[in-house]
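Read the single chain below, which is given as C-alpha cells and is the form predicted on its own.
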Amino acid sequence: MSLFKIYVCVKHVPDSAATITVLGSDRIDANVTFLINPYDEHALTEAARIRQQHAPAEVVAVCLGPSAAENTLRSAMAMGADRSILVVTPQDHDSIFTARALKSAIAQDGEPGIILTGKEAIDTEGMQTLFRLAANFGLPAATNVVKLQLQDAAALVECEKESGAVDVIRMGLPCVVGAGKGLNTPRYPTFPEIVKSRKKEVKKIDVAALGIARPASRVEIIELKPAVENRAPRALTGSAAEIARQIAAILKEEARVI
C-alpha cells in the first residue's frame, strides 16, 4: 500500500494578543510574538486524526515565510506533523503568489492524498489562498469545514454557512479542505512532543529556487493604518421598555445591523 500524504499549509502570523506597531507606511514591527495561524491548528489536528485512521500515512506541514517561521513549523510538528517544508522568503506575498509557492513546494515533495489549511489567516483574513491553491492543482475545494470523513477515495465534508446552514459536499481525492473552528478541538502538544519536534526535519527551500513567474495580476499593500475606534458614549434614560426601543432604533438607524 502506498504512503498517503497529508499536506497541511500553515501560516506564520503575529499573536492576536500582541500590540502591533505600524512602521513606515506598509509594514509592521516584526519584533512581536509569532505563532501558528489558529485556524491551521484545527487543520493539523484533523491531519493527525486522518493519519491514525488511514495508515500508512504521513503529515507534512508546509509554510511560506521568513526564516523565523521555522519556529512555527516546529510547533506544527509538535502538534503531530511528521516533517515540514519551509519556503523561505524575506517579504510578504499576496494569496496569488503564496498559492503558487505552496503548490510548487508540495508538487516537488510528492503526490498529495489530501491538502488541509485553515479557512483563513487571522492577519489578512483574505480567505483566498486555499481556493487559489486548489485551482493551481486542478482540485476541488471546500472551506469552513466542520466535519470530514474519508471514504471510497472521496472526502465527505460538512461546511458551515451563514445562519447555521450546512452544506454537505462530496469531493474526490485529492482535494483541498479549509478547516473551521467547529471541525475539532486543537490538540496541544506535551513537553516530550515539543522536545521530539526539535529533531524532526525542516526542509528549507529558497523561494527563488522555485522559479515562480511574477503573476500578471497581484495585490500590493499601499498603506497600513492602525485601527482607531471612535466611541461616543450615550446615556439612555427611561423605563426598561423605552430603553429597549432606543437601543433597537440605534441598531437599526445608526449601526444598521438590523
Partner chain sequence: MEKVALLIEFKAGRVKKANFGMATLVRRSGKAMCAFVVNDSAAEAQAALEPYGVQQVVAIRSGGPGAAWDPARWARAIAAAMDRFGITQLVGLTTPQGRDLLPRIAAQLDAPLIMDCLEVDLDRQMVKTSRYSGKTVATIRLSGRHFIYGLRGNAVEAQKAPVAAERLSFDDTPGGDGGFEVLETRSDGGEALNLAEADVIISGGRGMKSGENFRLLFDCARLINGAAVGASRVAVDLGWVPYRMQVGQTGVKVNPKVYIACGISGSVQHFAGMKSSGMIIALNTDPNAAILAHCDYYAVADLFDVLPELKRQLTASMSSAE
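Residue numbers count along the first chain shown, from 1. Because the structure is a prediction, the values reported are computed rather than measured.
Although it is not shown, the form predicted together with its partner chain is what the next lines describe.
- Query: its partner chain isn't shown here, but in the model of the complex which of Ile96, Val88, Leu150, Ile106 has a heavy atom within 4.5 Å of it?
  - Reply: Looking at Ile96, Val88, Leu150, Ile106 one by one, just Ile96 meets the 4.5 Å heavy-atom criterion.
- Quick one: does Arg74 come within 4.5 Å of its partner chain in the model of the complex, counting heavy atoms only? The answer is no: Arg74 has no heavy atom within 4.5 Å of its partner chain.
- For Arg100, is any heavy atom within 4.5 Å of its partner chain in the model of the complex, or not? So Arg100 counts as contacting its partner chain.
- Message: Please tell me whether any heavy atom belonging to Asp167 falls inside 4.5 Å of a heavy atom of its partner chain, as the geometry stands in the model of the complex.
- Response: Yes, contact at 4.5 Å.
- Could you confirm whether Ala208 comes within 4.5 Å of its partner chain in the model of the complex, counting heavy atoms only? Answer no; every heavy atom of Ala208 is more than 4.5 Å from its partner chain in the model of the complex.
- Is it the case that Arg51, Met79 and Ile212 all touch its partner chain in the model of the complex, with a non-hydrogen atom of each within 4.5 angstroms? The answer is no: none of the three residues contacts the partner (heavy atom, 4.5 Å cut-off).
- Message: Only counting heavy atoms and a 4.5 Å limit, does any residue of 222-245 reach its partner chain in the model of the complex, and if so which ones?
- Response: Result: Ile222, Glu223, Leu224, Lys225, Pro226, Ala227, Glu229, Arg231, Ala232, Pro233, Arg234, Ala235, Leu236, Ala240, Ala241, Ile243, Ala244, Arg245.
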